[in-house]
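Shown here is one chain on its own, the form predicted on its own, set out as structure tokens.
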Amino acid sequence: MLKTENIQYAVDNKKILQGISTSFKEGLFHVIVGPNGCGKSTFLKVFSGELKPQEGTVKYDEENVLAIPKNNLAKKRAVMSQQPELQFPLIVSEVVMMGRYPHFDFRPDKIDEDICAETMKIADVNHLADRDYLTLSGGEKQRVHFARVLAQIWNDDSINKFLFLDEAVSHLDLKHQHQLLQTSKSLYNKNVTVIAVLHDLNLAYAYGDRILFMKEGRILHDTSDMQQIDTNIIKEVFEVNVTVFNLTDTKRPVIVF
């Protein structure tokens, strides 16, 4: 289980995160939503170990993230950022293999190559394996990085692992948005807990097992019951008026503006 306790983070005396304490249960798809600037991505960077908070702790299975050796942490969690980018020429298969770097010392084994081949197929980029990464479209690059982070946490189902997605569907077309989220949601079979930052509320409701609503550096609402989400919550968090329809077959809401 991943836990955060009293996380506080500030930049130039501006409080970005204000004492966030929560936990993320294993094997679920957790979604964080909220308006721009509310601290969603900063919170993700803190619990991924990328940023050190001014106060508070992050624990993976009761171990402080700051005490976990970097290589061990890389085997335990993978992060797909909002705009992953490389500025030097590599072929796609080499970019995906970067996800396996924590797992070998000098050169990849056959298992590393097999894992990368499998994740490229899952991410629908296997036909791009020999392409120069820099020649790809934004959506294709995003899918390559999804294959990379999958490869990073793909094997060793005996340990709890985490996949963090920060606006990972932002450059994808409709088909590949759903493909990425469906694949991520299915990873509970491999002991993977997913925490995703999303802007699209309907995608959040369609895939999330739990939704955390953030505003001004705090968690205002936290629910696993999608039918509890009503117009008042949306108005409070996003300051917009919407209509919420609860679908009887899926028991999940749909937002209409």
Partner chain sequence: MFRQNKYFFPALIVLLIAVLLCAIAFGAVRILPAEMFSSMQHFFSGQGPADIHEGVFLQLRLPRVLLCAITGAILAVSGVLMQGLFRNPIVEPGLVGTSAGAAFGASVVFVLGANLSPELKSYTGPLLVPIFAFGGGLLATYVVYSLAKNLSRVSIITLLLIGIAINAVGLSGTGFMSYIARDPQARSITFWNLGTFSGASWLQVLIVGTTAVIVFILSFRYAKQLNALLLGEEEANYIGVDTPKLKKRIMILNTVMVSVATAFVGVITFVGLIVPHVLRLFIGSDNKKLLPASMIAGAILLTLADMGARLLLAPAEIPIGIITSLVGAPIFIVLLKRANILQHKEG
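Values in this document were obtained by computation on a predicted structure and should not be read as measured data. Residue numbers count along the first chain shown, from 1.
The following text describes the form predicted together with the partner chain, which does not appear among the structures shown.
Proximity of E50 to the partner chain in the model of the complex: non-hydrogen atoms within 4.5 Å are present. Proximity of Q182 to the partner chain in the model of the complex: non-hydrogen atoms within 4.5 Å are absent; the residue sits far from the partner. Taking non-hydrogen atoms only, P84 approaches the partner chain to within 4.5 angstroms in the model of the complex. Among heavy atoms of Q152, some come within 4.5 Å of the partner chain in the model of the complex. For the residues I115, L128, L187, V79, the 4.5 Å heavy atom test against the partner chain in the model of the complex is passed only by V79.
For the residues D156, D173, D109, D132, the 4.5 Å heavy atom test against the partner chain in the model of the complex is passed only by D132.
Taken together, the three residues N71, F88 and M98 all come within 4.5 Å of the partner chain in the model of the complex, as judged by their closest heavy atom.
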